[in-house]
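One chain comes next, on its own, written as structure tokens: the form predicted alone.
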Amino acid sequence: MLSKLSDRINPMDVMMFLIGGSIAAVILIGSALTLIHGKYSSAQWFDLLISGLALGGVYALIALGYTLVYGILRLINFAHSEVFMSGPFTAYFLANYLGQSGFLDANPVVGLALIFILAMLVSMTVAVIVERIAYRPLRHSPRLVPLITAIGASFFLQYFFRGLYGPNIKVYPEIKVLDAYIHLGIFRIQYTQLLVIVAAGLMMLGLHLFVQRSRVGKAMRAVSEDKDTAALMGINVDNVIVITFMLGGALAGAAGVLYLLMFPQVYFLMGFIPGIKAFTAAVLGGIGNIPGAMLGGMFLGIIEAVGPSLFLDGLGIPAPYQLKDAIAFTLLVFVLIFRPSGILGEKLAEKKA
């Protein structure tokens, strides 16, 4: 029996479980010490949680673009971070005009709706153009070829928009009505955070219902399972792929505007860090799984907001919030050690993988 057990367990498995156990120990000890010291009040923990939910909603919307494309094409669309950037960067000029004219403060709902529509349309258009020019001609090529093309498309879009709009950081206009707070006893929620959480939640719900209940959604799921069989059943595979990119692009454009409501600085490289975080969220939840991308985004946002204070403050680490990115990626490693396919991921058949 011992010989069979030794055959099943190799040194790499032992090392990975030791790493996972070390991460878990740091999390548990640090959290316990932080809570025992009582440095933060319940209101402060609530503020961190709401910030995490808002940020997680943005990550989830971007992650859905990654997971939709991967679910259909088995392709990691590294240009998606620039799709996320292109919409709100273009919509900045409309937002700036509406802000300077006073229209945005006088009619915030209409003004925001116009900004959202423009950002979503631009991101959707960019996503479809990338699919048509960069990915479709390489659809039957070896897996590495479209992957390298995606990286090239990402760099091209970065510097295209740098040349188009300039290299300088531009600041989105402030919407005064969104700076106010809703007070719930000792707790409070800023209108900006509430808008981001509600809007992200509604868009995720809408996408889930669309994919699960519409004819196009059924076609998307069929193409995801087997493109050749779906084509034999009369499904236009090319149209389904275009619709997938349109949906991912529209969600990325909306996520970009929501992100800029919280961090109102836009420039040609703004998509890189949120894009990496969203890809991390997609992997964390289970790449190719729509509910997994939603869950992974929310989980990552909450961990990024709450984790530094909860895990590290009790250990006496100065300025723990500066380590929020390290915590996010460490938690990714921790989850993948024990759940390699992600939180809601599933093992793929060899043909699909």
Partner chain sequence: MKGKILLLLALVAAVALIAACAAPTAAPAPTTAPAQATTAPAPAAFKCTDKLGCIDIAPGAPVHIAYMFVTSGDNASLGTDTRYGGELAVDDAGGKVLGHPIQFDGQDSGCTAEGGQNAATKVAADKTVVAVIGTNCSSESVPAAPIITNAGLTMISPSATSPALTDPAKHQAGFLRTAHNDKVQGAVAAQFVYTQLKFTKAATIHDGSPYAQGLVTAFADNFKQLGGTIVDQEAINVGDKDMKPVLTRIAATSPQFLYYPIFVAEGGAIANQVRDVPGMEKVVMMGADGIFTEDFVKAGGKNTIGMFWSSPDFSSFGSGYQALVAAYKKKYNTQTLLGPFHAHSYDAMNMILAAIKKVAVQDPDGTLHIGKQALRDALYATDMQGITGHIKCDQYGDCADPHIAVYQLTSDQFSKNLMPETPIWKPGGPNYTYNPNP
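Remember, predicted model here, so these are calculated numbers, not experimental data. Numbering follows the first chain given and starts at 1.
Below: the form predicted in complex with the partner chain, not depicted.
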Please tell me whether any heavy atom belonging to residue 42 falls inside 4.5 Å of a heavy atom of the partner chain, as the geometry stands in the predicted bound form. no
Should residue 244 be counted as a contact of the partner chain in the predicted bound form, where contact means heavy atoms within 4.5 Å? no
I'd like to know whether residue 155 contacts the partner chain in the predicted bound form, with contact meaning heavy atoms within 4.5 angstroms. no
Consider residue 167 of the chain shown here, and say whether it contacts the partner chain in the predicted bound form, taking contact as heavy atoms within 4.5 Å. yes
Among 268, 116, 135, 78, just one has a heavy atom within 4.5 Å of the partner chain in the predicted bound form, namely 268
Using heavy atoms only and a 4.5 Å cut-off, determine which of 305, 295, 327, 287 is in contact with the partner chain in the predicted bound form. 305
Interface segment, criterion being heavy atoms within 4.5 Å of the partner chain in the predicted bound form, picked from 65-73, 22-30, 287-295, 309-317: 309-317
Even though the chain is shown alone, can you say which residues of 166-183 have a heavy atom within 4.5 Å of the partner chain in the predicted bound form? 167, 168, 169, 171, 174, 179, 181
